[in-house]
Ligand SMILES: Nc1ncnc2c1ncn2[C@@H]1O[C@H](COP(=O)(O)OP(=O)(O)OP(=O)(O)O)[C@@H](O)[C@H]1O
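Starting off, we have a lone chain in the form predicted alone, written out as structure tokens.
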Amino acid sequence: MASAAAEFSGVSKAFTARGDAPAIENFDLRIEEGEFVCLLGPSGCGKTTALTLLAGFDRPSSGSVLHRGRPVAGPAADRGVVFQGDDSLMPWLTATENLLLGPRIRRVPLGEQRAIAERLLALVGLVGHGDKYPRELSGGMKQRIQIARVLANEPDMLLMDEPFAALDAQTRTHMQDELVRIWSEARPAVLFITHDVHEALILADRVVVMRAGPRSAVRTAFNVEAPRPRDRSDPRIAAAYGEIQRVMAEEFRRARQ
């Protein structure tokens, strides 16, 4: 079998300094090349813990975390992370300068940097906004610059931790559509964390639901059969929503017990 984009095998993570039970235990998940996976579950079930391990920001207590068949040893440009807030942009840099942080660190020639900036500003729909500073951009525009900055490093995987949670409903809907468009062109594998079942169904090839924590692991997974681009009124989306919401409700009840 070919290597997956990412694979968790028997992964447990305990924060021993706090003396807590493991956040995740015997966690198994395989993400294929080019696959868009959304991770759902109650607060505290270890979704961000799993993403942090794959990003290389932390190490598992046991088990293995692989990227393209190799153990994750630390952060790397081939796994780009998009955070929830927009405060990761450097406020003293323009949108273009923020976007080009990675290429500049890698000493990419200036001509190539200009081409990268032009291509990615066009990809995320921000042509003409490259000279603006973060304070001059809307929340949605700042998130698109975050995505462009990650794509400038040409990652084969995007790790996204509730990147649209702070946006208003209309902007969030627009950003979901924009992300699908960008992903369809670049085709990295994606691990996307969300609490929003409907968002997961619009974005994902597969929706993975985690059990309530602590000691959480995957409870079940749903393949999303609706074709792309997805119509939010598609009866298949509504049917899948009801099924996933039922499972989520059971886990929320368990989390409160």
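In case it trips you up, residue 1 is the first one in the sequence shown, and so on. Predicted model only: the values in this text are computed from it and were never measured.
FYI, the form predicted in complex with the named molecule isn't displayed, but the following is about it.
Contact check at 4.5 Å (heavy atoms) against the named molecule in the model of the complex: all three of 15, 47 and 162 pass. In summary, among the residues 228, 59, 219, 195, the only one with a non-hydrogen atom within 4.5 Å of the named molecule in the model of the complex is 195. Proximity of residue 244 to the named molecule in the model of the complex falls outside the 4.5 Å heavy atom cutoff. Although the partner is absent here, residue 240 is not a contact residue: none of its heavy atoms lies within 4.5 angstroms of the named molecule in the model of the complex. Using a 4.5 angstroms threshold between heavy atoms, residue 43 counts as touching the named molecule in the model of the complex. Among residues of the shown chain, residue 248 is not one whose heavy atoms approach the named molecule to within 4.5 Å in the model of the complex. Partner proximity in the model of the complex, defined as non-hydrogen atoms within 4.5 angstroms of the named molecule, places exactly one of 26 to 34, 66 to 74, 47 to 55, 196 to 204 at the interface: 47 to 55.
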